[in-house]
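In the block that follows, a single chain appears as C-alpha cells, in the form predicted alone.
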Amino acid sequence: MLRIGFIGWRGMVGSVLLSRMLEEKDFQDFEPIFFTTSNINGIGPDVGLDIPPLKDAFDIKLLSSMDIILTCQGGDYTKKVYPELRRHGWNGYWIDSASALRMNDDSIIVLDPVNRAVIDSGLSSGIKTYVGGNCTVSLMLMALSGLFASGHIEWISSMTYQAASGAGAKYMKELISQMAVLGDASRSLLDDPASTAIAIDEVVTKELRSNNFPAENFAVPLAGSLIAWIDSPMESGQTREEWKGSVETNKILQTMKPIPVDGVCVRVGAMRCHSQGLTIKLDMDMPLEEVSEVIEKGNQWVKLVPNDKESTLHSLTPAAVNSTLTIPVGRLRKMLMGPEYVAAFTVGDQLLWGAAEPIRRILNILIEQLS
C-alpha cells in the first residue's frame, strides 16, 4: 500500500486541503502519515482512519520511506528538506503548495484540468516534482481555459483584486481587526441619523492615519483602503506577483510561443477570493457569442454570468464565490480599442482553485498512477 506523508496540514491551505479530501472521501487505498514541525508524537487529524502519532517533519530517514510527500508547510521548509531528501537518494513524488520549486526545470506546475496533458507527459517522462501554481494565475487559467485552448489569445492584461488570504492567516485576522477599529470609531455617528457621511469619513480617516491603527502585518491600512504592491520588486518594475503572471502561465500551458500576461496586482479588503479584470487581445475578430461559448465550455466549474447589473451583483462577487469551486466569468464584452479586444471579469476562491484543489487533484492522479 502506498505510504503518503502530509506536512503543513494544520495551516490555512493544508486545512482546506484536508477538508476537501474528507468531503470527496479521498482517504482510501493508501496509508497516510502525518508529520509535524512542532508537536512530535501529538495526535493527528481525524480522517476516519487509525493513524499513528505525529512524526518529525525533519526526519529524513522516515520521510525517505514515503512514496509521496505532500507539503503545505511553506517555502522555507521545502528549501531545507527537499534537496536533502534528493541528496539521500529519495526517488519518490513530491507535491508542494509553496512556490520554491515552481520554476525548476524538473518540476511541473499542476492545474488539472487545464494542463492534464502536460501532467501526463511529465509522469511518462519520469518527473517526480509537482507544484501548485500562483493563485491568481491558476484562477485566471481556470476562467479562460477554453479560450487558451482555442489558441486565439495573443496577450492578456490582468488587473487583480487580491484577498487578504493570499498573504496568510494572520493577515486575514488583521483585516478584520482593522474593520472592527473603524466600526468602533464611527459607531456613535452611524447610530445618529443626523450625522453626515463627511463627518464619518473624517473619523475613519483619522483612524486610518493613526499610529495605533493595527497594521503590524500589512504595514499600512487595508480596510477602507487598498495596497497596490504585492511581493518583492523586480528589475522590470513589476512586483514578483505580477512577474509570475506570464512565466507561470506559459510554464503551466507549456506554450510553444509565450503568451504575454501582465498587469497590476492589488490587495483589497476581501477575505479569501481573488478577482481579476481582464483585457484579452485575440488574434482575430471572434464573435462575442463564440467567445462566450468557448469560455463556458472550458471546464465544468466555469459559470458564465450575463453582462447585466442584477446577474453581476448576485454572482460576480467574492461574497457569492467564497468557499465554492465555481469560477464565474462575467462583464464579457468587446472593447472600444477594436474588435479583437475583449473585456472580462472573474472571481475565484484563492484557497480552493487558487491553492488546495490543484494539489488534491495531482495527489489523486499519482495515487491512480501508482496503484
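No experiment lies behind these values; they were computed from the predicted model shown. Throughout, we count residues from 1 along the sequence that is shown.
Heads up, the form predicted together with a small molecule isn't pictured, but that's what we're talking about next.
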* Are any of the heavy atoms in residue 96 no more than 4.5 Å from a heavy atom of the small molecule in the predicted bound form? -> no
* Heavy atom of residue 162 within 4.5 Å of the small molecule in the predicted bound form -> yes
* To do: Please check if residue 230 has a heavy atom lying within 4.5 Å of any heavy atom of the small molecule in the predicted bound form.
  => yes
* If you check in the predicted bound form, is residue 166 within 4.5 Å of the small molecule, heavy atoms only? -> yes
* Which one, 108-116, 215-223, 180-188, 133-141, holds residues whose non-hydrogen atoms are within 4.5 Å of the small molecule in the predicted bound form? -> 133-141
